[in-house]
Structure formats: structure tokens, C-alpha cells
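In the block that follows, a single chain appears as C-alpha cells, in the form predicted on its own.
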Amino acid sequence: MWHLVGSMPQTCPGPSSHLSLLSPAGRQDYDLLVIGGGSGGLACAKEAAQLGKKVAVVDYVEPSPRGTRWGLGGTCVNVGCIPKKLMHQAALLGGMIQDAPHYGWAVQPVLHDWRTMAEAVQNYVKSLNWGHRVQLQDRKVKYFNIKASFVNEHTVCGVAKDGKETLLSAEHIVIATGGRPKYPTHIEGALEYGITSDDIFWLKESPGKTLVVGASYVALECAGFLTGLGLDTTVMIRSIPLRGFDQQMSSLVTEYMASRGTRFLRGCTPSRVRRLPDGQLQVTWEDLTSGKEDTGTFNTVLWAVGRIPETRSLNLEKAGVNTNPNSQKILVDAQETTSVPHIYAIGDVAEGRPELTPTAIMAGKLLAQRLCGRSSDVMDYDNVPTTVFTPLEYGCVGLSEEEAVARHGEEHVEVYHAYYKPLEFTVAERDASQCYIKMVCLRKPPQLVLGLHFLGPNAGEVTQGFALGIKCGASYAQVMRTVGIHPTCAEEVAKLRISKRSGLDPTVTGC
């Protein structure tokens, strides 16, 4: 049972203050203090409050270098999954308008209005910010809009926008501060003239001709919807796209994007960005193969070269919390516990965890249940499904083909695959060359499914269902005994008969 003695927040101790202002008994203002108001932190806080604990959440958004700021809810709600998916949907609608005449709709060519879309997306995001505030209030979770840093292992000091300081203490503390986009500050003009995913969704005006630097899913998703909205878009890739994902699927993703108008500069790295007298940005880059320099002009340069955890301003050393010196992420065990037994870390800020909203939410809820003595379950990070919302969506769960071969050996892995044509592509005469599925299995019967990779429309919706089967230990034999829903793209998964090892043509024919 947690001991609690209520009190009002106090002013932070100054440099000369003695930290024994907490009583020897270790007076706690809260049972649980959550630092970070993103998906994981809010889920943990709400769950603990619902289970009867006195909970506080502290959250503060440092404006981006461009001055972009947002409300409660973290990356996903404000500058990630939600606005990204809505702008992806806007781009897909543009493709449907192009398809419409084939289906008898006499649609005239139309131009996209960025301002209208951006305002609608931003208004929806603001409604989610408000919804989170209301949910915390309903569950009697105290919310502080302050920037927190540790004073000692049970206490944090929070500084508000007006400089007012507040001292909070708790028996248990959860760090869920997430991460922010990385700026390549070694590149001249990168910080002064570039933007990141923290800014793109909050632009009032169209970004115009855009250079996206990076090969992450953030880079490709942004480039994909910008192209789909009719903007001249180039992606600069230093090495390989979608590192960490199946590389055959990654190649097909970028092939499709190129076929839809996105330009790719491969094996290139930028060296400087300068603003020209007309306001355009001149970017200079080097071709790493030839060593030659080249330049181009753009209206916007979007950096998507990785993310860094929000740990540097937390004063973790004062609490004794250890981080990975390279990644700056917090080291945790299977229970999400840091090097300090009553301090935990979940989500993107924790070392070795997938940077995905649903995993942070589940990890947060399970942690709250363990802290409240309601469950001993820990988060299972194996076979977590995800989807990359590029113009042709890529959904996956489990191991990539490369990971399966590395783990089990090529002779013990069987890959079943197919190129298929979505029915909705036929009448519209869309190219389906990159619509592809593969299932990675153990070769030994009953052929346990190790991974599923799906490239096509609505990939997230397709992958979610099969993820349950794979989580439950589905075999290839069981998938083949599953009746497909006709006519759908998802049914092609249940019809994967051709293995790579056979060398046969995997192109699906017939309906």
C-alpha cells in the first residue's frame, strides 16, 4: 500500500537550499507523478487514477526552432500519427479524383488548397488536446503545464512559462517525455532555414517545392503526401530507405513513390542551405559515389534524419537514472524500471523500445496496473504490428526476411509471396507492379509464421487482423485453412501458395 500525505505544491529549492525540505518520512505529494503528456504518459496516469491513486501529470512543449507549439497529447496527436494520417488521406482523395472518370464521374481537374486542409486538420488536433484535458479532469488527475527536472529521486522542480517554479514529489515517477526531431546542425543553414515534422503539419501556407532529407518512415510519409497533394517533392537519401524494415518491401515502397512523381536523390548528403534574395532556398549537396557537388532550389527543406529523446533537460543524474551514453535514452528492464527502483520510463524515451504510440499506451497501462497491484503482466514487445503510411501503404508484423534468415538460417526459412492487383486498380487502369505480399515462415511443418509483410491499399487494416493470428502462434497451414473474404486485398494473404524457393512466378492471375 502506498503511503500518502497530501500537501500543496511548494516552490523549488534554490541553489543554496537543502533538499531535506521533504520530511524524513519522505512526504509524498502524489502516489504517482508522470513526466510527459504524450500517449504513453497519459495512458499510465489515467489508468492509475482509475485504480484509486493520486496522480499528477506534468507536460511542457518547448517550441520548435521555427516557433511551432502545440497542446497536450504528445507527438502522435499533435505532430505525428494523427495529422500525418489525415494529410495522407487528403492525398489519397486526390488519387481517387483521378480515378473517378473511369467510373463514370465527370470530374474536372481540381487544385488542392493547403490552407483549407491545414485549418481542418489543426482544428481537429486542437479538439483532441481539449479532450485529453477533460479526461484528466474527469479522472481527477492533476495537470501541470510546467517543464520538469529532477531535484532528487522523489522530487521534481517544474518551471512554468511565466517562470514560476513548483516542487512536486511522488512515491513513484514515470518518465514518458518522448523525443523530438533531430536537426543536422553540422550543416550550414540547417537550423536557420529548415523545418521538421514538428512544423510541417502546422504550416498555414503550402510548403511549395520541397526537399525532404532522410530515408526514415517520417521522411517517406511526408514526401508521399506532399507529392499526392500536387507539390514538387524530392527525397534525398544518404544510404538505404526504411532502415530496420524489410529491404525488399522498402525498395517497392520507394519504387511506387517514384512512379507517382516523387524524385529521389540517392547516395547524396547535403552540405549547406542558403536563402536566395527571392526567398527560395539553395541547397548544395554531395554525391557520395562521384564526390561531385550539385545544387538545387526549393521553397522548403524538411529534415527527417532521426529523433532524439527528451532527456537532456531532466537532470536525470540528480535522481541517479542511467542513460545510454550514445542514444541518450533511458535504460530500463522488462518491468520498465530504470536504475532507480521507483522510477520508470516508457515509450520513445526508453532504450530498446519501438517508437510506436500503441506500444507506449499498452506499456503505460500495464505499468499502472502493476504499480497498483492489479496485475503482474509485463509488456510483450515481440510481434508488434505497424504500418508505414506511404502512398502505397506498407504494413508488417514480426520478422523481416533478413531478420528471419539471420536468426534461423536460410535453409530453415520459407518465404511465400505474391504480386497481386487490387480490384479497385483494374477499372482505373492503375499500375499495381508494387502491390506485393510475403509471409516469412519456418520451413519445418507446421511452418510457424515469423513475419507478414503487406504492400497495398489499407495495409494497416489488413495487417491488424493477421497480427492477432501471428501473436497467437499461427502456422502457415492454419493461414491456408483460413477462408478469405472476396473480393478483398486481404484475402490474398490466405492464398499465398508460391514460395520463393520454388522459383515460380508469384503473380496472381484470375479473380
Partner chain sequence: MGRLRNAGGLPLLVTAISGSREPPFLVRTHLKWGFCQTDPGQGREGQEQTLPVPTDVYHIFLTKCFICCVPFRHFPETLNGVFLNEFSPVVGVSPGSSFYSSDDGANVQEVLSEITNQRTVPNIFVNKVHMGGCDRTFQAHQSGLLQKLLQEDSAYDYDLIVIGGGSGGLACAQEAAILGKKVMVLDFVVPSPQGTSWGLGGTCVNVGCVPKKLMHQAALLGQALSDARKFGWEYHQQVKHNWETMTEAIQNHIGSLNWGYRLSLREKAVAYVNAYGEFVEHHKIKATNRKGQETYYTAAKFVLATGERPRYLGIRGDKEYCITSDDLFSLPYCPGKTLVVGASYVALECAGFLAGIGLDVTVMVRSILLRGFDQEMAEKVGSYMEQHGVKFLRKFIPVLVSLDGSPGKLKVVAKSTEGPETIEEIYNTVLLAIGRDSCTRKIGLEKIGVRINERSGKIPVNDMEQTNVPYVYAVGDILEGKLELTPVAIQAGKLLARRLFAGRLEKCDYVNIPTTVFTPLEYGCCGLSEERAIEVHKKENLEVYHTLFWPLEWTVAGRDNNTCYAKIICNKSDNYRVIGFHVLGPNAGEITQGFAAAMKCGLTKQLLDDTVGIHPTCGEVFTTLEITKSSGLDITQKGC
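Bear in mind that the values here come from a model prediction, so they are computed numbers and not experimental data. Numbering follows the first chain given and starts at 1.
The same protein has a further form, the form predicted together with the partner chain, not shown here; the description that follows concerns it.
A.B. asks: Partner absent here, but in the model of the complex, which of 244 to 252, 96 to 104, 147 to 155, 402 to 410 has residues with a heavy atom within 4.5 Å of the partner chain?
C.D. replies: Of the options given, it is 96 to 104.
A.B. asks: Assess the spot marked by 191, 275 and 295: is the partner chain within 4.5 Å of a heavy atom from every one of these residues in the model of the complex?
C.D. replies: No, because 191, 275 and 295 lack any heavy atom that approaches the partner chain to within 4.5 Å in the model of the complex.
A.B. asks: Which residue, 281, 187, 86, 265, has a heavy atom that falls within 4.5 Å of the partner chain in the model of the complex?
C.D. replies: Looking at 281, 187, 86, 265 one by one, just 86 meets the 4.5 Å heavy-atom criterion.
A.B. asks: Could you work out which of 376, 108, 326, 289 is the residue within 4.5 angstroms of the partner chain in the model of the complex, going by heavy atoms?
C.D. replies: Of the candidates 376, 108, 326, 289, 108 is the one lying within 4.5 Å of the partner chain in the model of the complex.
A.B. asks: According to a 4.5 angstroms non-hydrogen atom cut-off, is residue 73 in contact with the partner chain in the model of the complex?
C.D. replies: Contact check for residue 73: no, nothing within 4.5 Å of the partner chain in the model of the complex.
A.B. asks: Might residue 460 be said to contact the partner chain in the model of the complex, defining contact as any heavy atom within 4.5 Å?
C.D. replies: So residue 460 counts as contacting the partner chain.
A.B. asks: For residue 179, is any heavy atom within 4.5 Å of the partner chain in the model of the complex, or not?
C.D. replies: Judged by the heavy-atom cut-off of 4.5 Å, residue 179 is well away from the partner chain in the model of the complex.
A.B. asks: Quick check on residue 426: any heavy atom within 4.5 Å of the partner chain in the model of the complex?
C.D. replies: Result yes; residue 426 sits at the interface with the partner chain in the model of the complex.
A.B. asks: Within 354 to 374, which residues have a heavy atom closer than or equal to 4.5 Å from the partner chain in the model of the complex?
C.D. replies: Residues within 4.5 Å: 357, 358, 359, 362, 365.
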